[in-house]
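Given next, in structure tokens, is a single chain: the form predicted on its own.
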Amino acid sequence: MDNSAKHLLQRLVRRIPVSMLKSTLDKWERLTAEKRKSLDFTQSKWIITQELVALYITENPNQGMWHTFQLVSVKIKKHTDQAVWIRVAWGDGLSSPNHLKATYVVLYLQTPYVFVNALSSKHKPLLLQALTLSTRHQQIKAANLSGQKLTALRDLLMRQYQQVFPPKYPSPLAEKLRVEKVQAEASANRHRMARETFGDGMLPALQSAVFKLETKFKGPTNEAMTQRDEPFICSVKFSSSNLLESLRHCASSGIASTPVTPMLSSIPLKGRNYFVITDNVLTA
């Protein structure tokens, strides 16, 4: 929920009489019955608005921009398979906490991953330090994964989608695909390679992937560029409403060559969507 939507919700609640607020939320049907029962309508409208914003975001997490961080520890922890939602309202000595511009943190206790929404650069060091200390990890680092859909980021990192792994020693194509036409054989091969890379079921709806090139220019036709000490730098960004699904379609339909290049296959294999490419090295 962006700031404009929060302010709109605040104005709407302000105009609705207290006696009609509960029935209006029941008709809205955006919150579960359990969430609606948790609201205390004897409180002020300001407090109710803050609670509504928090409840709506927890019920509808696929909005805004989420950034992923990875906690680093030398200990193995075992926890339940439930997510912990944390809302942080920032304030200082001169102003009270602003609950309408809160930061949301989702921590999956059985994993080292933390998902953060609406975090400013000013408050980022404070939050990361608090997370590191409170979870008793040694440090926290950026996981180079971001997107608008929290569920897609979670499913990608936790491999919660159907995957098909290639056999360790694949047999020749002729032994697997006995078809009469060369076109059908090639099509079956493309689909197989696409499935081996991206799986066979629904994929997390990742919106983008960025590849940054930092390498020396190589080419005999341009000595001026070849003799430069500074690396050649450029960035390529792939965007789609569902990037992994688009890449799988390109591979299976023949738009992209197969087998899928290691750069693109690294997105689902490494759970990243930001990569830096140096001389013969692909890093996340």
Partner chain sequence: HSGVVKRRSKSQSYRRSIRTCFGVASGLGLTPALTARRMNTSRKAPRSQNITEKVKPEHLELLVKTEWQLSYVTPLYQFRHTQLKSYSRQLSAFIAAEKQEGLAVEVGGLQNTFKVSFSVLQGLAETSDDPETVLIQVQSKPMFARQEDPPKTVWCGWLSCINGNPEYLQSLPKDFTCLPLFCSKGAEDLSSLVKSWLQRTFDCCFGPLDINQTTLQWLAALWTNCHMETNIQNLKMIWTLPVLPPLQVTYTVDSDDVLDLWRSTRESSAEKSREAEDEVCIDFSEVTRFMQGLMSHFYRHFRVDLSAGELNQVSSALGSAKVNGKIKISSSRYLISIFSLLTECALLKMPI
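What we label the rigid core is the largest C-alpha set whose atoms superpose within 1.5 Å from one form to the other. The model shown is predicted, which means the values in this text are computed figures rather than measured ones. Residue numbers count along the first chain shown, from 1.
This next part talks about the form predicted together with its partner chain, which is not shown.
Trainee: Quick one: in the predicted complex, does every one of T215, R228 and S235 get a heavy atom within 4.5 Å of its partner chain?
Mentor: Looking in the predicted complex, the three residues T215, R228 and S235 all sit within 4.5 Å of its partner chain (heavy atoms).
Trainee: Only one of L12, L269, V18, M263 comes within 4.5 Å of its partner chain in the predicted complex by heavy atoms, so just point that one out.
Mentor: For this set of options, the contacting one is M263.
Trainee: Give me the residue from S257, N62, T42, S38 that has a heavy atom within 4.5 Å of its partner chain in the predicted complex.
Mentor: Residue within 4.5 Å of the partner: S257.
Trainee: Based on heavy atom distances of 4.5 Å or less, which listed stretch (207-215, 112-120, 83-91, 134-142) is in contact with its partner chain in the predicted complex?
Mentor: Within 4.5 Å of the partner lies stretch 207-215.
Trainee: State yes or no: in the predicted complex, is some non-hydrogen atom of S241 no more than 4.5 angstroms from a non-hydrogen atom of its partner chain?
Mentor: Taking the distances in the predicted complex, the answer for S241 is yes, it comes within 4.5 Å of its partner chain.
Trainee: I'd like to know whether H249 contacts its partner chain in the predicted complex, with contact meaning heavy atoms within 4.5 angstroms.
Mentor: The answer is yes: H249 has a heavy atom within 4.5 Å of its partner chain.
Trainee: Closest heavy atom of E245 to its partner chain in the predicted complex, within 4.5 Å or not?
Mentor: Contact check for E245: yes, within 4.5 Å of its partner chain in the predicted complex.
Trainee: Is there any non-hydrogen atom of N222 lying within 4.5 Å of its partner chain in the predicted complex?
Mentor: Heavy-atom contact with its partner chain at 4.5 Å: present for N222.
Trainee: Indicate whether V236 shows a C-alpha shift of 2 Å or more between the shown form and the other one, with the rigid core used for the fit.
Mentor: No, the C-alpha moves less than 2 Å.
Trainee: Hey, does E59 budge by 2 Å or more at the Cα between the shown form and the other one once the core is superposed?
Mentor: Superposed on the core, E59 moves its C-alpha less than 2 Å between the shown form and the other one.
Trainee: Following rigid core alignment, is the displacement of the S246 C-alpha between the shown form and the other one equal to or greater than 2 angstroms?
Mentor: The answer is no, as the C-alpha of S246 shifts between the shown form and the other one by less than 2 Å after core alignment.
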